[in-house]
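This document opens with one chain alone, in structure tokens, the form predicted alone.
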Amino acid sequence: MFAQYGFHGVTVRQVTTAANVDVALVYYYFENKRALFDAVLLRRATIVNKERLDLLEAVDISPEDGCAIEKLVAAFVDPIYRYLATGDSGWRHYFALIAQINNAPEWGAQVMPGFFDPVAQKLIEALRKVMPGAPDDDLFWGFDFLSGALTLTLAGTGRIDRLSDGLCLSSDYASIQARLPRYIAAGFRQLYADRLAAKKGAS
């Protein structure tokens, strides 16, 4: 319901009616609607973020590995697309909700840090090791572009379906998963190469 109508578009009574429970139970277990909302976010975030952190930890971080950036980005996004492709409808609703939150000024700065910033910081920390000397502003901008691309695919707007006349489908998670890490890695790599070239020219 939060994914379909947003936080403000859903009342506690609507939630309890759908769940066929007494409205008082929400206030007993969660205190208020915001606490219920946070519990909704935390339940699945805990699952997917543990997998992402484990995968990031398993990547062999070496500047000599020409595919290390792709591997790190894949570790960051693969669990999400796997749950989208194989999970129940709850996962699709959940990630649609995340897409809404990440794009909303009211929520993005409030909610995302507590639930998802530790994973983002882990990715950026690993990228620093893969691209030694890369300026932090390039790394953070690169992550912001990654987050935007990821969020758009989670929203599943169907725009690419219409734009490509059905050649590409917003629900084709395997195609997204195969392309997004390479696309994002190329961006990180180009920013890094440009900085190295500028530093070499200055010296």
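Just so we're clear, the structure is a prediction, and the values are computed from it rather than from any experiment. Start at 1 with the first residue shown and count on from there.
What comes next is about the form predicted in complex with the DNA, which does not appear here.
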I'd like to check something about residue 27: if you look in the predicted complex, is any of its heavy atoms closer than or equal to 4.5 Å to a heavy atom of the DNA? yes
So, in the predicted complex, is residue 32 in contact with the DNA at a 4.5 angstroms heavy atom limit? yes
In the predicted complex, does residue 10 have a heavy atom within 4.5 Å of the DNA? yes
Which single stretch, out of 137-145, 174-182, 158-166, 32-40, brings residue heavy atoms within 4.5 Å of the DNA in the predicted complex? 32-40
